[in-house]
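Heads up, the chain below is alone and in the form predicted alone; it's given as structure tokens.
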């Protein structure tokens, strides 16, 4: 029954996001929700708000899980609500342009369903018992609750920050979710497994439309939601350390940006872009001292690359993190 639910959740979320994305593209174009693809010749206008289809995929997959279980389980309520709230904050940011500090502060709110769920259903959502390789289960009674809002806000903003090139967000996030999925299989975290199937299906259904050359941009509505969902999976599945390893490219990228700009700035507030376009879709690192440091800068430090080649480097890094996250899960079993 578990495998049936997992397969049904994956297929339904994938089908929903894949079928809805063309409608979202049409809707965004009609409403004027367009953004310039600054890495293409002529900077063409591309429909945005594509993340709405990911939210639809997550919603459909969650409903299918509930129907097959003939029950609305606590984890599915928490997972869906956190994802939708984060997506709503992303939509608000797109429509009214929030500052970096405001947006980050608001993403903390997305953790509220997780906190409420842990209080109402402590037997189903265990908080403060993370597991580490060689150490085993740890017990945090107070500090974990203090840090809990950041367990959702941090990955939400990290995934948002890496969404700068065609296909990067769904590719890197899919590898991160896949790492959590395999880890949940190894460790027997079945709720986490189902959540991973729902989110992975939604990402894979949306991905073809966002790959180079993108037909639609995800915008904050999708990237914040995906990051928040990954955070919820890690906490509910007690896979915190696996989640950190799986998200290492996103974490590195956000660390570089925050340390170089020395604060929480919205991308629209940054005067110089971290990369420059040399022509013929070739991207190079911006050597200006005022340009923020990003993972792309480091990848391009050896020389300029065409955008698809740059995205492949992101994929290789994310695949490496996927392998390391699986190794981490194995170590949690054998040590």
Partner chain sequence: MRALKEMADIIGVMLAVWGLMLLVLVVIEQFVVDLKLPIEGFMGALLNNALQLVIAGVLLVLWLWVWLLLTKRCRNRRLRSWSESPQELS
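Note that the structure is predicted; figures quoted are calculated from it, not measured. Positions refer to the first chain, counted from 1.
There is another form of this protein, the form predicted together with the partner chain, and it is not shown here; the text below is about that form.
If you check the partner chain in the model of the complex, you find no heavy atom from any of 68, 85 and 108 within 4.5 Å. Among residues of the shown chain, residue 63 is not one whose heavy atoms approach the partner chain to within 4.5 Å in the model of the complex. Within 4.5 Å of some heavy atom of the partner chain in the model of the complex lies at least one heavy atom of residue 138. A residue is said to contact a partner when one of its heavy atoms sits within 4.5 Å of a partner heavy atom; residue 30 fails this definition for the partner chain in the model of the complex, lying far away. For the chain shown alone, residue 45 is not a contact residue for the partner chain in the model of the complex, no non-hydrogen atom being within 4.5 angstroms. Look at 223-231, 201-209, 163-171, 244-252: in the model of the complex, residues with non-hydrogen atoms within 4.5 angstroms of the partner chain sit in 244-252.
The partner is not shown here, but in the model of the complex the stretch 290-311 reaches within 4.5 angstroms of the partner chain through a heavy atom at 293, 297, 298, 299, 300, 301, 302, 303, 304, 305, 306, 309.
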